[in-house]
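A lone chain, given as structure tokens: the form predicted alone.
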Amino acid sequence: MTAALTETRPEPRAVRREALHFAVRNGKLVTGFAVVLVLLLTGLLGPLLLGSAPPNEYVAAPMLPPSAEHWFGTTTFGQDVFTQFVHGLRTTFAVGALGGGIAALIAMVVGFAAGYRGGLLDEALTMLTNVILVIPTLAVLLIVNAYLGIRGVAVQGLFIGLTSWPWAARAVRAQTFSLRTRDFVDLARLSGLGTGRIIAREIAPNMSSYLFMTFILLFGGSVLIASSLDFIGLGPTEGVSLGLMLQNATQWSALQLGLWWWFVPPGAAITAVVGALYVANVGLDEVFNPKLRTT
């Protein structure tokens, strides 16, 4: 009986090798992650290569177009746009990773607990999820940010994470509810494993691809929410981000003055990050779903 039960679950190494084989051959996945990697490296390494110059320092004459000295030109105050851009990329990725990570963690805890345990715990967590799901997230973030005297990247990412998890928790719950009746989970119960170890050893590994795809969507959503808050002036009070660059460009009439190099790079970067993550997520779905794979 033990052999029959263990044979229902594929060998993890074989699954990883098969997934890797199709991943490196999937154009959507490779292209999406390549775009994200290039922007991430630009945000991480750019400030180091530019030295210790603050992003808001006045370094040249105002409204200079892109040139060999100032790649993205300067603002109406003589600030280097490329310096702001690379610092803004770092901030945007930090908020996305923090907000998406917190939301994914809460979603997994709630989803695993509700889906595996069921009963009253499932009903209570489902009710909590539904309540938070119908709350207008952006409106709550607007109110909270408006009353905070000092707003930082960590605080922004924390609030985004605390309000973005419900849909992911419902998805994780549904997957967990399906897996808890599988033979290998029954075998783990018969062997005396506790709830936490069953979820960590048996259920979560079989959902790893799904959890990773969920995190990607939460990451992209956090970037969009943070950029929206920044654009309307409720972003971090110190530093710079891509959304704050757009807000400053709008506030100081960059479009009317023809300073396209001030607002096009941050807008294009936000679009590229979110779009590339979506394309990569579609590629991952094709890799992990045998019915969608292309040889």
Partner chain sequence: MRRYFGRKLLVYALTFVVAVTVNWMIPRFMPGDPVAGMVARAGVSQPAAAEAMRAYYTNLFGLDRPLWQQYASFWGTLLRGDFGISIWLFPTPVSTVILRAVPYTLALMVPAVLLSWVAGNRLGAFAARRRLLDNTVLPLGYVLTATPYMWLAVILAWGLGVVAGWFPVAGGYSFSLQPSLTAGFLLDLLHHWVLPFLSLFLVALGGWAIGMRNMIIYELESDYASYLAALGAPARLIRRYAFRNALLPQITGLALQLGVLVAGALVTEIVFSYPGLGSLILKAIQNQDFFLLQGTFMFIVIGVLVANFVIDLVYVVVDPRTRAGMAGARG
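Numbering follows the first chain given and starts at 1. Keep in mind the model is a prediction, meaning the values are calculated, not measured.
Not on display, but discussed next: the form predicted in complex with the partner chain.
Colleague: Do residue 46 and the partner chain come within 4.5 Å of each other in the predicted complex, heavy atoms counted?
Modeller: Residue-level check for residue 46: no, no contact with the partner chain.
Colleague: My question is simply whether residue 58 lines the interface with the partner chain in the predicted complex - judged by any non-hydrogen atom within 4.5 Å.
Modeller: So residue 58 does not count as contacting the partner chain.
Colleague: So in the predicted complex, does any heavy atom of residue 232 sit within 4.5 Å of the partner chain?
Modeller: Because a heavy atom of residue 232 falls inside 4.5 Å of the partner chain in the predicted complex, the answer is yes.
Colleague: Is residue 26 close enough to the partner chain in the predicted complex to count, meaning some heavy atom within 4.5 Å?
Modeller: Contact with the partner chain, no.
Colleague: Look at the candidate spot formed by 33, 50 and 218 and say whether the partner chain comes within 4.5 Å of a heavy atom in all three of them in the predicted complex.
Modeller: No, none of the three is in contact.
Colleague: What stretch, of 138 to 146, 85 to 93, 68 to 76, 105 to 113, brings heavy atoms to within 4.5 Å of the partner chain in the predicted complex?
Modeller: Going by heavy atoms within 4.5 Å, the stretch is 138 to 146.
Colleague: Though the partner chain is not shown, can you say which of 131, 158, 121, 200 has a heavy atom within 4.5 Å of it in the predicted complex?
Modeller: If I apply the 4.5 Å criterion carefully, the residue I get is 131.
Colleague: Enumerate the residues of 247 to 283 that have a non-hydrogen atom within 4.5 Å of the partner chain in the predicted complex, in sequence order, or give none.
Modeller: Stretch hits, in order: 250, 255, 256, 258, 260, 263, 264, 267, 268, 270, 271, 274, 275, 278, 279, 282.
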